[in-house]
Each structure stands twice: as C-alpha cells, then as structure tokens.
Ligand code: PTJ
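The chain below stands alone and is given in structure tokens; this is the form predicted alone.
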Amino acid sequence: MADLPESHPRRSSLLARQKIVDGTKKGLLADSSMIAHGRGEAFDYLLGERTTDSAAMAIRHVATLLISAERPVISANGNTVVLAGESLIRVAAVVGCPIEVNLYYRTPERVFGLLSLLQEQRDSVAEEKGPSEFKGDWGKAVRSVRLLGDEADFRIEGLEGPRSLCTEDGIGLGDLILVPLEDGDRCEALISLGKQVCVIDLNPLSRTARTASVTIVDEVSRASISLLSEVLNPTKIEGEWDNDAALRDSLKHMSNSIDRL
C-alpha cells in the first residue's frame, strides 16, 4: 500500500482492508475478521461513506453518557484495536476510563497480542502534543489509561462460553460500556444486567443495533475520531434519546442511496 496515491478515491477503504489483512497474518484477528469488515463496508457504501446527521447526534449523546457515567468502559475486539485503537485511547484519556480487550474467538495468544498492540498505540499517542482543548498533562493522561483483558476474573451472567469472560474492574463493574463492533448476544446480556450499552455498528438491522441503549451507525474509525471531538467539547442533548428513530433515519439514508441508482 506504500504506492497508493493520496488522490485514490478508495484510499481509506483500501488502507483499512490492509490493516485487517496484516492483523490476521499476525494472528491478532480471527479468520472471519475480513468477512465482518466487508459486511460493514457494504453498509458504509450505502451511507455514502460519511457520518449522517443522526449518527453525529448519536456520537454526541454517547459522549455525554461517557462523561457522566460513574464507571465507563471501552470494550474492544480485534478489528476495533486494529482500525481505531489509537483514537479510542485518546477518548479513554479524556474520559478517564479503561479499555478492555474482549473477544468472541478468545485465545490467550490473541488477547496478549492485542494488548501488546494497544500498549504500543498508547505509547505513541502519549508522545503526541495532545488536543488543544485538553487541560492537563496529555502524556500522563494517556499513560494512565488502563488496558484490561488478560485476567478474565468475571463472567457475564446470561452468556456461555469464552464470550462470557471479562474482567471485574472493566466490564464486570462498568455501568456504561462502549462497544464498537459488538455481537448481539453479549449486548442483550449486558442490557439485561442493567448496564447502558453504546455501540458502533454499520448495520442498523442487527440485533446489536436494535438492542443497544444508543447505536452509532457509522464506520468505527470515523466515529471514534468524531467521538474524541465530542468528549472534548460535550454538548447536552435535550430530551430522551430515541434509538429506533435514529436507526430508521440510517435506513432511510441507505434506501435513498439505492433509489438514486
């Protein structure tokens, strides 16, 4: 990808695909990771590869929830770490919350590899100048972001198998879980435990999208960049959040894209 010109219309998409390919070769991702990525990419095409107004509102709402939560946690799977790890570390530094690696296809090797990559990303982000809106020591805030997941000392009630494993200090005791690229079973289980679950999911028809407290229908790296801006400059949203209405709006955008063909 080194020779891919800046002007290439599919540059962002191609670079993201290559990250998934590289991550799979390194053993960081499950073999099905490219399938999941391609499915999301298809929905993103229908969105015009942009953040819609309803998605922007959802991002704004998630930012306010993250800031107001007592024990917010960012849960990250392999694709999330590879595609948006650095952006989410920046968000976690501003919010002051941990990031927990939690995997559907969980192996000690993959958990170790992803935590190692997150540590590298954290070190890199800590060396940045930091956002101008951030008041304080940026490097210290970034290095203070706890990376969890290696010690699975808690189980999510209502789930079976490796997906039920998590850490008590993270998802176990968290009151709000931000989960990019979620799966429906775990989302339902966390909601049933009384937790708020905010997800980033390009498929507005998925069980995850329909079950979550707030669904951001957007591409994970794009949404994570926008989320950082919002937690730095939070805006209070009046009234109750209508997740069903936001999902309908996303479907309307996708339908309109098809109608224009």
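Everything quoted here is computed from the prediction, not taken from an experiment. All residue numbers refer to positions in the sequence shown, first residue = 1.
Although it is not shown, the form predicted in complex with this ligand is what the next lines describe.
Though the partner is left out of this view, Gly174 does not reach within 4.5 Å of this ligand in the predicted bound form, counting heavy atoms only. When contacts are judged by a 4.5 Å heavy atom cut-off, Ser68 does not count as touching this ligand in the predicted bound form. The shortest heavy atom separation between Leu103 and this ligand in the predicted bound form is within 4.5 Å. In the predicted bound form, at least one heavy atom of Ile200 sits within 4.5 Å of a heavy atom of this ligand. Contact annotation: of the candidates Arg210, Lys26, Arg39, Arg50, the single residue with a non-hydrogen atom within 4.5 angstroms of this ligand in the predicted bound form is Arg39.
Scanning Val231, Val214, Met57, Ala30 against this ligand in the predicted bound form with a 4.5 Å heavy atom cut-off leaves one residue, Ala30. Looking at this ligand in the predicted bound form, residues His61, Glu86 and Ser224 place no heavy atom within 4.5 Å of it.
Comment: 76-84 is the region of 164-172, 139-147, 76-84, 122-130 lying near this ligand in the predicted bound form, near meaning a non-hydrogen atom within 4.5 Å. Shown without its partner, the chain has Asp218, Glu219, Val220 in segment 212-239 as residues with a non-hydrogen atom within 4.5 angstroms of this ligand in the predicted bound form.
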